[in-house]
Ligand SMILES: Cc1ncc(COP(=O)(O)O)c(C=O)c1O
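Let's start with one chain on its own, the form predicted on its own, as structure tokens.
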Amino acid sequence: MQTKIVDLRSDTVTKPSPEMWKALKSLDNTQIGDDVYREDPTVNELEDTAAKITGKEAALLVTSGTQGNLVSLLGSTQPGDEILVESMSHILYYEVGGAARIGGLTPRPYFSNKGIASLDDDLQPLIRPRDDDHQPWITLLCVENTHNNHGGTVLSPAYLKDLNKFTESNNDMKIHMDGARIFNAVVSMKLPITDFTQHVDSMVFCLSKGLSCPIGSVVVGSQEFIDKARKFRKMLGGGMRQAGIIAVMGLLALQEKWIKRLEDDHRNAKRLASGLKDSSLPIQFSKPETNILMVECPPTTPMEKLVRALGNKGVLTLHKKNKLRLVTHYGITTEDIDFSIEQIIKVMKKFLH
């Protein structure tokens, strides 16, 4: 019976650090209140901290990245508008069509090279004239940083700056960044987060992925935008009461030393890639930029059987078509990585020819 389990399915499976549990246990009734009335001091501190760190006027605690993206879209558009979303983005793939169902928005996908679209070839042809009564207005461009389905790739501040200029020259569209893993981008490029956020109008980042909090994401933007987002959060049932029990862990997660800890995940992802590269297996992948490794197997590979066999050997993974998705995170050690390399090679040799 397999006793050792290494869960590489996602960084959403992380557990709080001992310091986070200690902070939660030390919380008392003077540090929590009704957040709908804006009376929870710990939530207020988290939102003020997030706004300051990201260089934005205000912030809003939400239940999830999906909710954060949706309130951001609603706060930046009007029903009937069209929004540009990357063809493999989380907003398009994994958010249940909320933009269309709830926001009355038409998502229009654009193609890219690992999340980075050509302004002239991929984006400009999609821009509609404002004076054509038959066509909706495009009012928002969405980007994802790091990009999940492209293997945790980073959109650099230089690229975001170019996007900003592009949107300004095209009817002054707004930019929303799904920055669920933005701190992975920050650590990867060794740049302040403000180098990224200064070029976008709004952003959501997750506390519950690499930062290893159990619940929550944060939306940041202008005060006017956050006021709108707060109203939409309430509409979606996201108005929480004594939410300081969530925020107290988020405050620890935003400390510089904890963000810097993401470097461990990046090193482990590279270690995993290096070990698989030396295996001589018929697989392909790019060197991971952050904490996600996408391993492309031959098209004929029975991926469901492969994933099940890996699980039986103690390595939990996910797949999308013929790509195996391996995500490193808090709680995964170098010993876990070495164990995973050994098991993945053994199992793959049985399935890949």
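Quick note: we count residues from 1 along the sequence shown, nothing fancier. This structure is a prediction, so every number in the text was calculated from the model and none was measured.
Another form, the form predicted together with this ligand, is not on view; read the next lines as being about it.
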Exactly one of Val200, Ala180, Ala99, Val85 comes within 4.5 Å of this ligand in the predicted bound form through a heavy atom, and that residue is Ala180
Among Ser76, Asn148, Asn184, Thr167, which has at least one heavy atom within 4.5 Å of this ligand in the predicted bound form?
Asn148
Using the partner position in the predicted bound form, report whether Thr317 sits within 4.5 Å of this ligand, counting heavy atoms only.
no
If we define contact as a non-hydrogen atom of the residue within 4.5 angstroms of the partner, is Ser208 a contact of this ligand in the predicted bound form?
yes
Should Asn69 be classed as touching this ligand in the predicted bound form when contacts are defined as heavy atoms within 4.5 Å?
yes
Does at least one non-hydrogen atom of Asp81 fall within 4.5 angstroms of this ligand in the predicted bound form?
no
Partner-proximal stretch of 104 to 112, 140 to 148, 120 to 128, 270 to 278 relative to this ligand in the predicted bound form, 4.5 angstroms, heavy atom
140 to 148
What residues in 82 to 96 sit within 4.5 Å of this ligand in the predicted bound form, counting heavy atoms only?
His90, Glu95
